[in-house]
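A single chain, nothing else alongside it, follows as C-alpha cells in the form predicted on its own.
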C-alpha cells in the first residue's frame, strides 16, 4: 500500500494551510475533506481580520483558497475519514472510500457539533460504527440501525440494505427521505445505545430496537473517537505550542484545538502543525540512517 508522508484531515483554513506548507516542504501528502472546502467559510458574510484581505466575504476567501490549491497542484480526496489508528511508525486511515497509510497525521477538521449518545463511545468497535460502506459486509443478514444527520447519508443506508437482513433508518433532518424499498424509516430520536459485550439495543424517544449494530453517520467524527487514545481537554484536542498531541506523529490545528475560533488563527496553526510534522519526519529519517 502506498504510504504518504503526511495525511491532513480537513479543508478549512487550518487543513489547507497545513497542506500548502507541507507541499512547499516537498512532502508527499494526502488531503481529506470536502471539495467545496469549509461550509463555515463559504457562508461567512464579511471577514475583516484576515491579513491582506480586509473586506473579504466568505465566497471570496473560498475562491482564493481554491485558486491557491490549484496553483500548488494539491488535490482533495473527497472522503470522510472515520478512523485513524496509530500503528507505531505510521497511521492506518479508514475512510468512506478506502484504506490509507501515512507516517504522520494532521487533524484540522474543525469542531464537531453536538455530543455523543450514552453508550456510543462504550460500544465503538463493538457494534457502533461511523461508516456503513466500510463495515456493511460484517452485518450480512443481521439487523442494524443507521442514524443519518444529512440526506446524503441515505446512500449509505441503501448500500447497507444490500447486506443486512433488516435496516432501520433514523433521519435527524426534516427533509423527505428517499431510501430503497425494505428500509424502515423511523422518525424518532436516539436516546442511548445498550448491550452486553456488544450492542444489543438502540433506545429512542418512542421505543427500543433489538439489533446487532448502530451507525451514526455525522458530517464528521469527533477527534476523540476518530483517533483512539487521543487526549482531549474540554471537548478540544490537547496540543502544545508546536501543535503536537499526546500521540507521536499526530498533530492538530484550528478550531479543533480550542478558541478563539478565527480563520487567521486556524491558518497560522496549520502552518505550525505542518512544520512540526516535517520536523518529526526528519527525526524519523535520521533515526533510521
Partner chain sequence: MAVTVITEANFENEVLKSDKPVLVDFWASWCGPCKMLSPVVDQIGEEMADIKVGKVNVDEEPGLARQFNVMSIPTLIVFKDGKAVNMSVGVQPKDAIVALLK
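What you see is a predicted model; the values in this text were computed from it and never measured. Numbering follows the first chain given and starts at 1. If you superpose the two forms and keep the largest set of C-alpha atoms that fall within 1.5 Å, you have the rigid core.
Same protein, other form: the form predicted in complex with the partner chain, not shown, and the subject of what follows.
Heavy atom of residue 104 within 4.5 Å of the partner chain in the predicted complex: Looking in the predicted complex, residue contacts with the partner chain do not include residue 104, since no heavy atom lies within 4.5 Å.
Non-hydrogen atom contact residue 198 with the partner chain in the predicted complex at 4.5 angstroms: Close contact exists here: in the predicted complex, residue 198 approaches the partner chain to within 4.5 Å, heavy atoms only.
The partner chain contact in the predicted complex: residue 135, any heavy atom under 4.5 Å: Residue 135: yes, in contact with the partner chain in the predicted complex.
Residue 127: touches the partner chain in the predicted complex, heavy atom cutoff 4.5 angstroms: Yes - in the predicted complex, heavy atoms of residue 127 and the partner chain come within 4.5 Å of each other.
Residue among 248, 235, 54, 228 with a heavy atom within 4.5 Å of the partner chain in the predicted complex: Exactly one listed residue reaches within 4.5 Å, namely 228.
Candidate from 216, 139, 209, 168 lying within 4.5 Å of the partner chain in the predicted complex - any heavy atom: For this set of options, the contacting one is 139.
The partner chain in the predicted complex: contacted by all of 62, 66 and 69, heavy atom 4.5 Å: Heavy-atom distance to the partner chain in the predicted complex: none of the three under 4.5 Å.
Proximity to the partner chain in the predicted complex (heavy atom, within 4.5 Å), stretch among 177-185, 148-156, 88-96, 69-77: Heavy-atom contact with the partner occurs in 88-96.
Rigid-core frame, C-alpha of residue 134, shift of 2 angstroms or more between the shown form and the other one: Residue 134: C-alpha displaced by 2 Å or more between the shown form and the other one.
Residue 77: Cα shift of 2 Å or greater between the shown form and the other one (core-aligned): No, the C-alpha moves less than 2 Å.
Is_shifted residue 178 between the shown form and the other one (CA, 2 Å cut-off, rigid core): After core superposition, the displacement of the residue 178 C-alpha between the shown form and the other one stays below 2 Å, so no.
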